[in-house]
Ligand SMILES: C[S@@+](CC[C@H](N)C(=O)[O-])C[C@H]1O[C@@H](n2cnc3c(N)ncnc32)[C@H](O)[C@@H]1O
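Only one chain is included here, represented as structure tokens and corresponding to the form predicted alone.
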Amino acid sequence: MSAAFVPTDYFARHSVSRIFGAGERCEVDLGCGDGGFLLRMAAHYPERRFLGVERLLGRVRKVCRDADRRGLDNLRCLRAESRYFLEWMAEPGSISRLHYLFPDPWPKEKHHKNRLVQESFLPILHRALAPQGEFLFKTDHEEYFLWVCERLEASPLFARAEWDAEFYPKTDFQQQWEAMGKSIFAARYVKQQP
């Protein structure tokens, strides 16, 4: 089976069993880029299911090609816009962990409206996550990190938790920024019942 997930209907909800052929939950790498993190996670955790969501076709094709070459049956990649996927395509309660790693911070104040994490986004994220589901966020941009944390901590829908020390590979961006001496900021939030 190919790693590419191409829905017949982009206006329907898609269960994990529809995407993978089995299962109720999966982990999502939102804006998976070239898939380095996603591929390493899927290889390390063959018992888990991983879905990469990326809007750029060339990147999706690369992830799928690499996953197929490595025989990673637990990985799928979908070409879609991040918020649209979470709001309209993801089956509610189907995401056990959402990885949001090194997104564009939209640093200019006039562009802050383009940031994914806004107050209006939090109920969408909450609905998509499974009970006790996790939102894991990393960035090299301190102001964006504080922006995201401020919104999540002001919401009763999420509680901050310690970052797990388990296997968590570095993205290409993380390696690049660390090589330049930049600090990396990370936070983990767990879904709460309202």
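Bear in mind the structure is a predicted one, so any value in this text is a computation, not a measurement. Heads up: residue numbers just count along the shown sequence, starting at 1.
Omitted here: the form predicted in complex with the ligand. The next part is about that form.
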{"property": "Contact residue in the model of the complex, chosen from Arg70, Arg59, Arg127, Arg151 - any heavy atom within 4.5 Å of the ligand", "result": "Arg59"}
{"property": "Touches the ligand in the model of the complex: Cys32 (any heavy atom, 4.5 Å)", "result": "yes"}
{"property": "Contact of Glu87 with the ligand in the model of the complex (heavy atom, 4.5 Å)", "result": "no"}
{"property": "Arg48: touches the ligand in the model of the complex, heavy atom cutoff 4.5 angstroms", "result": "no"}
{"property": "Contact test in the model of the complex: Asp172 vs the ligand, heavy atoms, 4.5 Å", "result": "yes"}
{"property": "Candidate stretches 152-160, 48-56, 127-135, 61-69, one within 4.5 Å of the ligand in the model of the complex by heavy atom", "result": "48-56"}
{"property": "Three-residue site Glu142, Glu178 and Ala186 fully in contact with the ligand in the model of the complex at 4.5 Å by heavy atom", "result": "no"}
{"property": "The ligand in the model of the complex - contacting residues of 60-81, heavy atom within 4.5 Å", "result": "Ala80, Glu81"}
